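One chain comes next, on its own, written out as structure tokens in the form predicted on its own.
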Amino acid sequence: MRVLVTGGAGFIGSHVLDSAAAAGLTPCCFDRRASPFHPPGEIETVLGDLLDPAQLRAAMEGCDAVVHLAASADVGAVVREPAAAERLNASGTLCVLEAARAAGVAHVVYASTIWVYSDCAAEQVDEREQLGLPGHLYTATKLAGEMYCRSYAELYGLRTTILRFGIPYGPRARAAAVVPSMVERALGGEPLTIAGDGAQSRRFVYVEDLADGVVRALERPGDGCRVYNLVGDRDVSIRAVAETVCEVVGDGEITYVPARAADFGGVAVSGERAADELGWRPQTSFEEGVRRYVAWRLEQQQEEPALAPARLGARLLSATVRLAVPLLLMTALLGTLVAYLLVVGTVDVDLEPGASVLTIAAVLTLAGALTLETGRRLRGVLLHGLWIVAATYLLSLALPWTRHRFGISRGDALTVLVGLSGAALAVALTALVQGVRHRRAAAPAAAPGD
């Protein structure tokens, strides 16, 4: 069975790829980046945009099933950028379903969340519970995806499975999630912060157990749309999470801050249907899962100091090569043209070198930074052109024969070099910051980090 996994480069997705391969399936990762958790070539990968129907359909050709995990899953990010979250979570799910229908895919597994129970009056719920109108936008977007799955099953006969995930944790988790953030603080000797009184509870689920449940759902019998809760075997309060982290790490202090708006207080979510029909039960206790995560994180910390200089060097080298090639070409062309005009006497220039250098250095820095921020499309192309022209002019002023022709002093030449160095540093730092932002934004997950 060939399975396309959207969001396969993320926390949960990377584990689903592993579980699918271990089960004898042929997984294919669909994401905006290749999985950082797999060596190049180990997992078939298609880079693409979830909101591009043509890319999705092409990626699904020859697939028997799709596991749709890609989502805006950080609740804080959803609050900050609601329109972007709606496009990815709701419209993105519709794009996946439509592409699957067009490509003849037989089965779509959709990752939802137990947050859909956050507005239910009952204290104990299962998949038959009547869901209330959502108070949180994140819940609304995930429920929209569920409704699309039901509609495609009814209207087009597309078999869909909705998996309502408990709160996932474990190795590869993004740092903003509740368990990783507490572990990070505890390892750094900082107090652990709890929103509210900490009594709100969650059904946590260890990520490797969760991935196993996703793979089992791929083989469920029957048609139509079916819903399953994939949750841990007991409720764990946020206060208990903090206490467990302190116990595993060995030390820590707990502090309390005001509760968040529309927070999920927690209900007891049953996972019996998944046990009965999929044969799935969680195998990892919460305490054991935290110990495994802490052990993994400590291993990562030991590797990071050695890898950081290499990663930084590679990133700066890549940015340098990317900018240097067009810059050198443009310098050669314009330099040749200027030299010719000077020789034939067509050009007669009288500059104020200091003012010119400082002005163009500022333009160079701004153009380079904006180009790295915008990246592609017409605006990026125009800014690249401005960057190349400005840099070429500065380099021309720094050359000995142009210094003599324009009457530039040694002090002015030094100003040119300082301006170039400052501009290059600004561009390099911008590239570094942009790379960090992209890495954080491009790490999809399928349930909120809480």
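Predicted, not measured: the structure shown is a model, and the values here were computed from it. Don't overthink the numbering: it's just position in the shown sequence, from 1.
Here the subject shifts to the form predicted in complex with a small molecule, a form of this protein not shown in this document.
- Of the heavy atoms in residue 49, some are within 4.5 Å of the small molecule in the predicted complex.
- Put simply, residue 57 is far from the small molecule in the predicted complex: not one heavy atom of it is within 4.5 Å.
- Residue contact check for residue 66: none of its heavy atoms lie within 4.5 Å of the small molecule in the predicted complex.
- In the predicted complex, the small molecule sits within 4.5 Å of a heavy atom belonging to residue 88.
- Residues within 4.5 angstroms of the small molecule in the predicted complex, judged by any non-hydrogen atom, belong to 136-144 and to none of the other stretches in 193-201, 180-188, 136-144, 278-286.
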